[in-house]
Ligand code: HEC
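Given next, in C-alpha cells, is a single chain: the form predicted on its own.
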Amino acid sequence: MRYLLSIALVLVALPVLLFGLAGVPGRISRATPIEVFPDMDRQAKLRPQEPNPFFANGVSSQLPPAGTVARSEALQTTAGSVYRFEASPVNSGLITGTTNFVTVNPLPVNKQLLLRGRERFDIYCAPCHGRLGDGNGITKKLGVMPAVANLHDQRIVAMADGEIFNTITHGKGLMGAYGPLMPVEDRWAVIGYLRALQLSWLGSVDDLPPDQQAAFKK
C-alpha cells in the first residue's frame, strides 16, 4: 500500500513540478528564465565608441577599409555617369537604369578569363551539367538530378549573357543560387567559358575568318 501511495505521490508531484518550472505560456515575468539552450540570445559585444584595445585607436568603431564602396553609395564613372554599386551591369547583369539584361559579357574575354572560367565551371557547373555542358553530369548519372538543362540547347544559346549571369547568381528551378559561392568576376568567367564551349559544340568552319577557313580546309 505504501508503495502504491509513493508512486501516486510522485505522479502527482512531477507534473506540478514541471508546471512550476515551465510556467504558464504567455505569462509576463521579470524573473530570469531558465534556459537549457540559450541559442546565442546574449553575446559578448562592444557598443559604438566603447574602448577596445584590439584596435590601434582604442575604440570599437572603425572606419571601413580604403576603397570600400557601400551598396547604396553613388559612384562616378570616368565617363561622367553616376550609378549605384548594385545597379552596375557587372554586378547585376542588367543595363543600368533598366530591367533589360546586358547582351554581352562586360568583362574582357581573354585567355586568362577563359582558363578561370573553365576551372570554376568544372567545380560548380560540371557536377550537374557535365564537363561538356550537355546535361549529363554525375548527379544525373546517380539519379539525384534526373532533369538537368543541356547548355547547348538553342534556348540557352540565345540567352543574353546577363540573363545567364542572373540565373547563376540567384538560381532557377532546382538549381540553387551560386551568387554567395562565386565572386562576380568568376560568374562572368564561367559565362565566357560557356560561350566558348557552345561555340566548340555548335560552331562550324563557316564561323571562322576566311583566311582560317582556307587553312582549316587544307
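So that there is no doubt, residue numbering starts at 1 and follows the sequence shown. This structure is a prediction, so every number in the text was calculated from the model and none was measured.
Quick note: we don't show the form predicted together with this ligand, though the next part is all about it.
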{"property": "Heavy atom of R155 within 4.5 Å of this ligand in the predicted bound form", "result": "yes"}
{"property": "4.5 angstroms heavy atom contact with this ligand in the predicted bound form for F101", "result": "no"}
{"property": "Close approach of A189 to this ligand in the predicted bound form, 4.5 Å, heavy atom", "result": "no"}
{"property": "G173, heavy atom within 4.5 angstroms of this ligand in the predicted bound form", "result": "yes"}
{"property": "Residue stretch of 33-41, 60-68, 177-185, 47-55 approaching this ligand in the predicted bound form, non-hydrogen atom distance within 4.5 Å", "result": "177-185"}
{"property": "Among the candidates L114, C128, L94, L107, the residue which, in the predicted bound form, approaches this ligand to within 4.5 Å (heavy atoms)", "result": "C128"}
{"property": "Residues from 154-168 in contact with this ligand (non-hydrogen atom within 4.5 Å) in the predicted bound form", "result": "R155, I156, M159, I164, T167, I168"}
